[in-house]
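Only one chain is given next, in structure tokens, and it is the form predicted alone.
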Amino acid sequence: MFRVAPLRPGRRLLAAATAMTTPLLPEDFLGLIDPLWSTTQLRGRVVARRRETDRAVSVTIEPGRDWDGHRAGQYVRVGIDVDGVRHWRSYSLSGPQDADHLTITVQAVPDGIVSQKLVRDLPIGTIVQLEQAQGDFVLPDAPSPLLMVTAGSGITPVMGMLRTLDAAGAVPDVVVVHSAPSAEDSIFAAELAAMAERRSGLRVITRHTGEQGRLDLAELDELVPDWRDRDAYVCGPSELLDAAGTHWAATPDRLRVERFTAPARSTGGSGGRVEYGDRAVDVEPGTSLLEAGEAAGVLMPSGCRMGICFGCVLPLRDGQVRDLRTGDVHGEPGDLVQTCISGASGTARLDTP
């Protein structure tokens, strides 16, 4: 004979509340009082925005109680509703890791649905969806001499690291080599300069590419003569990251990179007709399955749009697809396809939610 274990007091209270609110859940009522009380979805409330440049803002978010915090250098996926459609994007956390609130710094990109919303039109008090922080582009437990090479918004995760070290009062020997088109486009320029003035261990080298041209990593021999003796963190456009992989080829264990820019796409291939559930769409060569589906009004799961987070995968039922990064054709029935980096290669069929 089996005996049923008695419910703990909290469970009994929840069960009683559920019985009283059925068919709705207690959370449905709690969410009307404060959306951050959700126990099924991690949410956040925008509590501050600060303009960094004409194209960049820092957005501070109060997270719900289930937020686990983050390590300096990590990123977070943020879900924003735009015109009734939820879009997910990944942004580096630029605040110190022990802060009560999380901060992301976003630079608007042309035709960027979410980045334009965040930079231009996001009222204080907006409720956003969150996932837990991710990523291994983080500070070592015992920072040794460090070299940070960044470009554009690639300074964002590095700023989270520097703010964490600064808040702890322990900025070690760090050299930051940061590139931006101009002084006006240089995110955190004033704060970096002030921090370098305050912390003797920090040296900041700024390059304005509009005047001085792009940084050639061979210049590190002159700018940072002991660069080989430092742990290097590199974040920026894919060209910089690719060059870093070559530059540190002899000592790859000393290099960490953070890649958020979309890889170059192959424009080859024939495109083709793809069935998204019961809807057929003609997909042009070089167009991703995600873009083509959205343009046709198909409700598509999406994420980083860079082939990183796997938030856009759909099951492939028939045909094959083309990897837009490499041009390779692949796929078997039942495979999960990353629609943001896959294009059509003839006819195919996808399962949709």
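The first residue of the sequence shown is number 1, and the count goes up from there. These numbers come from a predicted model, not from an experiment. What we label the rigid core is the largest C-alpha set whose atoms superpose within 1.5 Å from one form to the other.
The same protein also has a form predicted together with a small molecule, omitted here; what follows describes it.
Stretch 107-115 is the contacting one of 138-146, 120-128, 278-286, 107-115, since its residues have non-hydrogen atoms within 4.5 Å of the small molecule in the predicted complex.
Residue contact with the small molecule in the predicted complex: H178 places no heavy atom within 4.5 Å of it. Not displayed here, the small molecule is kept clear of T150 by more than 4.5 Å at the level of heavy atoms in the predicted complex. The small molecule in the predicted complex is not approached by R163, whose heavy atoms all lie more than 4.5 angstroms from it. Using a 4.5 Å cutoff between non-hydrogen atoms, D185 does not count as a contact of the small molecule in the predicted complex.
Core-aligned CA deviation for S58 between the shown form and the other one: less than 2 Å.
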